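Read on for two forms of one protein chain; each stands alone as structure tokens, with the labels structure 1 and structure 2.
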Structure 1
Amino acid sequence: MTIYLQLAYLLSAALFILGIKSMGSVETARRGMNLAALGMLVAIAGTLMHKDIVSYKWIIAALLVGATIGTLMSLWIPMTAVPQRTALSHAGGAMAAVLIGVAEYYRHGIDLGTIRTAMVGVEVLIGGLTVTGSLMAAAKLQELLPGRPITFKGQNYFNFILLAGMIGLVVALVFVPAMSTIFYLLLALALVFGLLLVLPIGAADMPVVIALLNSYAGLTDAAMGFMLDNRIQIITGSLDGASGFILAVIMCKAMNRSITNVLFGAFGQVAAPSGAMPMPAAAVRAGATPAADDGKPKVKKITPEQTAFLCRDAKRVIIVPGYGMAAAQAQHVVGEFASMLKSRDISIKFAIHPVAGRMPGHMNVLLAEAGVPYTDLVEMEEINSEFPHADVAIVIGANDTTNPAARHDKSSPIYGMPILDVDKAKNIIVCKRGMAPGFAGIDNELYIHEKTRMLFGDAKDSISKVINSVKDPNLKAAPLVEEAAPPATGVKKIDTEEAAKVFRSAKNVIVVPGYGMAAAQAQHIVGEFTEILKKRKISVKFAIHPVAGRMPGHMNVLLAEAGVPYTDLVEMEEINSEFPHADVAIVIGANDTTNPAARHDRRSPIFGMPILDVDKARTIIVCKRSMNPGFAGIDNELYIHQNTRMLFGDAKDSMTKIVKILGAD
């Protein structure tokens, strides 16, 4: 049986190596996956022949449970969530290794010997940080946690000290293996270190993080192999660790970044230029223009019919897929669109950037799922020389990987990153929901390029309309002219002097408190503000949304603390009918609970959520630090409403100034 076991492990190792080699090409990647899966099956079957197994009862139960979970995950999890699923797999594999390490130490302890004790320590260290690091990565990718880097002062120094401390504990464990306190402290610190390791890494770097976590999981497996004297685990762990690290290096090269910059650079924290006030995506979708014309290039729109006409008469079309295509689940309709153009003898190629999407090969997998031939997928190094000859380049949801700022803007966080040369095509069409930036958090210069037209809307819906238009025999050319913007609906500012003047002439005022008031600790000055209005015989009420703030009753507690009478606090169901009669509604830090998109935008994550009808007031003043979105991560249409004026600044400071002006009358 030992001979058969070793032969099974040898065959398994060969299949793993052949599988990894086959994954180096899109044409053979599917075969590589099948070879690797077969290798794992052979390894499991061989292990079941191990002489030390005395009962198969729990092993069979575990196999059935694991197979069921894996099957359900494969069936239920969409392709867009594969990065999250991969991170969870890393966490699960590392957790298994950590538990085995804990079990071995618990059972044998001092009898493990020097080498095995060291391997147990290394296994627990790397495995523990992989478990929590992978869970953090999955949570960021799923947007359960903010995708932006989260940092604190001295974070890197703290992490280095913690890592040094854990290495010291491993060394101490080797010399004093009987001291279990050292072992369990090492386990706890490793779990904490995993959280701190991924915390400062932004969503833009998730492809690298996924590859690194894969490497860590492999190293954990290799350490477990040394501990258990299991050769196949040593081989597979080493393969996994090395290939994961090489992949991470390739990803960094594709972004012109170093591994250390990814791990310690808090990429993605980009400060907006002083004095700049970006237009929200909702404003651009509505065709809004800034309050003042700055003379810079403007966004030009295109319709599906115009897009269809351009593509129908083209000879060469390059499609650039990105995460937006994945998020819209548009890969199948994009594949259909490409096939239709091919049937008209139009050359079609897909430009694949190595870090497009949220994991290595994300676009390749999605397009293969949609039946797009591998031969149509062209890597960045090869396709870039073809953009100048392309009649049309269609960008579907790609952002940072097409941004020309990477070539020339030294202040940009993506400066030096190799990009797809989309801006060199003869005509550029960008299919995107709005003007929101990508993972890097910066605007894309491509969107205001002289040859670019924006096809706003859901990618799946937009491309479907283009397909229908191409099929229409009556399709006629429409001039590609810039649409006239509707009357000014852009951001309009107000200062404290002007705001005070508005309140002086009001008879009915509704105050809408939100988390911004809580964050600024402005409740007391807001209470003082309302008392001044009441002395002027002005009716004042507070509109309370049930989920305003961060816990039920948050606003009620804060306002009670500030001495505001309970009778002035009116719940949403009662106050909404009063907004049309209010002379002024002042919003202090509330965001999603006042967003009109909840009523009509079916694509919005807050669609259907009951909101406060602030937009129905005669005059609206929003007291807020900036145009940043709320917890839902979307722009608030209220901020570009025709009746809205933005009072930018700290809520406490702004309200204090208004109180001083009104109090001086």
Structure 2
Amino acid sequence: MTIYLQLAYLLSAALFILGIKSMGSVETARRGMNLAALGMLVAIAGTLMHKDIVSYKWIIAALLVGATIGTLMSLWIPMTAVPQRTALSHAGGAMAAVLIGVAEYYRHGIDLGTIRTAMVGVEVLIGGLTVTGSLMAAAKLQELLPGRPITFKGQNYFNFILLAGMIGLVVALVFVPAMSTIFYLLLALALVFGLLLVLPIGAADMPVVIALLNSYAGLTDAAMGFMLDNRIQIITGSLDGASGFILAVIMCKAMNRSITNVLFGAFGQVAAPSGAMPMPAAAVRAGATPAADDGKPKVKKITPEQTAFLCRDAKRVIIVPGYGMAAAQAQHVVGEFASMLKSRDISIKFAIHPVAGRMPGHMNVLLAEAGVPYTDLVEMEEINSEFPHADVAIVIGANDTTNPAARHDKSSPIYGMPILDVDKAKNIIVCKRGMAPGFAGIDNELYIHEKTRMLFGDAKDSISKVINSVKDPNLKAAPLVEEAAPPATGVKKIDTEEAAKVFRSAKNVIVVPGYGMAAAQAQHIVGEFTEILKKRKISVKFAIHPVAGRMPGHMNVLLAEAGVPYTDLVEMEEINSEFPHADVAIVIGANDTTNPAARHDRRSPIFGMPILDVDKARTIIVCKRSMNPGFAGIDNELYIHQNTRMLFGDAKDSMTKIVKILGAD
């Protein structure tokens, strides 16, 4: 290889890296990818000058065929099918690498030398399993094969033995490179292994599988780079491998599962409840849903007209799309619905769960295609804090990712999976064909939630009807839709006796201290208070806002001085996810840092400030002298929250009284 070609490859590598870097933001992505494409052009043009190339006839033919297929595929493919296309391209890339490996072995065989022989072995091993694994994944996604996991007894052992055998063959090949039987047996086994690897994985886990296959395809390319001593291929293979791996990890986190569990767990095959005896579904639901007072939760229905009425009068609407929306080809109608609501000055956002769709980021693409601006597509962590302020949340085709059971039902197979907090919205509408469960095969508690109404039918039809109804100027109030619970605006008080009672029955308590606590010299009594609660086996944590106190880390020092262990002092980002699980949150001397207005009230001077999500706790006690505002000089919405009780008085006095009552028990 001449020095010029090497320099051209170096330039290409730099352009590729810049291209990937540009994917860090939407603004730079397109320009960056143009640079990467330029890099590719430089590399290909340079290679065509390679001195070893003696015949161009077949090269030109192959380039034309490939370019034609590639262009047609990428321009005509619907966005719903992008995961399949991606899986196919992993298969194609790996296949190219495997074929080149075979060609190299066929031509040079014993002359390859130890290192190259080993690399060819690795290339064929990983490449082979990527080819058939990706084809399997594509077939499952295209529904040519059943999406459910296919398993047989001893599958994992069999796969493990197969893998060990293949590694053994690679080693054997290095020692006896002349024995071509070993090489072709290795190739055959790798192809079989790829099939077996993806067979037991269900359709719901495809985002992880595609990302992993992406990683394998990258590793195959890197191995090919080693074999041909082509550095740029080592670089791109390594980048690709890292990319696929990170995406697989992100997807697994979003489903609260480990990679091993995805690969070997055959999730979604059985809806096995961990309790051995089969409980009647209704009883299970009733036990898990506080909404069901009479023990028999009812599914409430809603018509498109009533939905239209509800949406028309809403200020904030959140749409929760799932793959079911795309399957019903409803994304364009949904996009139209969103832009129509927007034109009526209704704030509309889309809640995007990381595993919505069939590959990482898939839902974003589907909605972008339907004309929804990407600024309206909000990721899970960000949107979850907005659900409590949403007047209406409409779930279209999403299922397991909205099931509140993931938060509290330890026996549920999806327990611990991060979900969209749809149940926090004021009104919930679920657009769905029937009550059938999702991929995980379990019932969705959301459907029987007291605030939920089911809009049964085909998503496309239903939403079209809703659109027509919203446009209808004669739309009348629908009698079947009861008003959501009117927000309580009065200030509710509590005295120390009652407060002590609340603490007695609590399991999780979060203390939210502010400088007011220190000003009242109440930190020591607060320390004592936590000791007493802990003796009663009540979990106590302190929520520390970064600006609590008068200098960075100040509140930590004040509390440490009062004997509170630093392990109980939890930073804002970490504790915010715990407020929804707290039975009681007691605010002592904190003010602006707990004001929910910071999240949603654009006119508020503290809008956008990160706050402690105290309002998510089940009961909130605010210990305060009066209703006076804090530093920012604004009223605190938390004080008039329906779950808030004001404990008026001097913090030290109040806490001393509570400690006395609790200590006397």
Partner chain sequence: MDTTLLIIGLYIFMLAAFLGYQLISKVPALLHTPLMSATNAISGISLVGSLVILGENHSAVSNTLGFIAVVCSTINVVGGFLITDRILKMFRKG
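For the two forms, the rigid core is made up of the largest set of C-alpha atoms that agree within 1.5 Å on superposition. Not measured: the values here are computed from a predicted model. Numbering runs along the sequence of structure 1, starting at 1.
- Each of the two structures shows the same chain on its own, and it is structure 1 that derives from the form predicted alone.
- If you fit the rigid core between structures 1 and 2, you'll see the Cα of I100 move by less than 2 angstroms.
- Comparing the forms between structures 1 and 2 on their rigid core, the Cα displacement of G218 stays under 2 Å.
- Core-superposed comparison between structures 1 and 2: CA of D313 displaced by less than 2 Å.
- The shift recorded for the CA atom of L35 between structures 1 and 2 is 4.8 Å, with superposition on the rigid core.
- Aligning the rigid core between structures 1 and 2 leaves the CA of Y515 offset by 73.4 Å.
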